[in-house]
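So this first bit is one chain, no partners, the form predicted alone, shown in structure tokens.
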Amino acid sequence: MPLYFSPIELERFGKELLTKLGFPIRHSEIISKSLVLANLRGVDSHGVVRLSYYSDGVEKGLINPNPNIKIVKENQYFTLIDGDNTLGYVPATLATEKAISKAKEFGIGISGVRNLKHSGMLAKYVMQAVEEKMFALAIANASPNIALPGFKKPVVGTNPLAIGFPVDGSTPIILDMAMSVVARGKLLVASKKGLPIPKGWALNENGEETTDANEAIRGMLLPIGGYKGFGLAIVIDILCGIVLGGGYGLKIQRSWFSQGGFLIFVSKLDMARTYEEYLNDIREYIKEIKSTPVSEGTRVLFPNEIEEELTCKRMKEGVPLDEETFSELVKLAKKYSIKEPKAL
């Protein structure tokens, strides 16, 4: 049975742990809030379960907790940031803020970050722009974890993509997806629980389909949509790894916190027409699709509706953590002499 925790308590624990690991307080706050936001939205694979892997990365010198984040290049529309090998949450947040600022002034803004580690759930950055009534698209590439059936080696990362549109007075439309059938973090969750994974998720090291989470972790994930998802992962790898210079997947060391580059594009929605015209049409669009005839018990849902519903539910009832994840947090609490999270 899962234990339930208030979001504030999990944020407190994450902040204290990250500070003990050497991250500045402000950085610890941003990272901890981002992790808990993922848990609230039901993206538990990108939530506090990652803390033990981040601490391991810091201990091994693979993650820089006290970086000198700097702007490498900047012009009217574009900003390039060096993350100094830290977790990507802080430099990616700065990149998003820069893109939003430029979009407000010039209509569009683009920012990239290289030399960084895991930046977490991409929806977080898209949501920042959507809150400013703007459109946003964010992508990132990472170490190889995807291959097609028959491959005996992964060649490209799960390489997520997030896109967001504001809908004033209603739930914004936000799509956040990896190019794999599932996020690799779900293998981690299944492994910790000792559970099998569904068929169609992953391959073992011999390129054969497997339902064993540990075999899948050593092996590779299948791309969503077969060759189409594989192709999109390749394109994102080129954009973030080669065009941006973050390093393409095959050059990145495989880990639970590796990443090549992060890229975000933000645009005002009055570039081609007025914002009011955009709103009228997107509201009509939602209404039309919601009125589609469906069989009894079927719901017509847009991207982000389930996540918003789950966030409201978890804000009231608490964030559920399985016993294995809680046990890992307890170990971290003892190791770094901080108070373990208190369940509701």
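So that the term is clear: the rigid core is the largest set of C-alpha atoms that superpose within 1.5 Å between two forms. In case it trips you up, residue 1 is the first one in the sequence shown, and so on. Note that the structure is a prediction, hence the values are computed from the model and not measured.
Heads up, the form predicted in complex with another copy of the chain isn't pictured, but that's what we're talking about next.
S.K.: Out of D270, D212, E209, E131, which one falls within 4.5 Å of another copy of the chain in the predicted bound form, going by heavy atoms?
M.R.: Residue within 4.5 Å of the partner: D270.
S.K.: From the list G200, P149, G194, G169, which entry has a heavy atom within 4.5 Å of another copy of the chain in the predicted bound form?
M.R.: Exactly one listed residue reaches within 4.5 Å, namely P149.
S.K.: Do T298 and another copy of the chain share at least one heavy atom pair within 4.5 Å in the predicted bound form?
M.R.: Flag for T298 set to yes.
S.K.: Quick check on S180: any heavy atom within 4.5 Å of another copy of the chain in the predicted bound form?
M.R.: Judged by the heavy-atom cut-off of 4.5 Å, S180 is in contact with another copy of the chain in the predicted bound form.
S.K.: Within a 4.5 Å heavy atom cut-off, is Q76 in contact with another copy of the chain in the predicted bound form?
M.R.: Q76: yes, in contact with another copy of the chain in the predicted bound form.
S.K.: If you check in the predicted bound form, is Y285 within 4.5 Å of another copy of the chain, heavy atoms only?
M.R.: Within the cut-off, so yes.
S.K.: Is every one of V156, F165 and L244 in contact with another copy of the chain in the predicted bound form, taking contact as a heavy atom within 4.5 Å?
M.R.: The answer is yes: all three residues contact the partner (heavy atom, 4.5 Å cut-off).
S.K.: Spot the stretch among 82-90, 120-128, 106-114, 253-261 with residues whose non-hydrogen atoms come within 4.5 Å of another copy of the chain in the predicted bound form.
M.R.: Only one stretch passes the 4.5 Å heavy-atom test: 106-114.
S.K.: Please check if V156 moves between the shown form and the other one, taking a CA shift of 2 Å or more relative to the superposed core as movement.
M.R.: Moves: no, less than 2 Å.
S.K.: Does superposing the core leave I108 with a CA shift of 2 Å or more between the shown form and the other one?
M.R.: Stays below the 2 Å threshold, so no.
S.K.: Any chance the CA of I236 moves 2 angstroms or more between the shown form and the other one, core superposed?
M.R.: No, I236 moves less than 2 Å.
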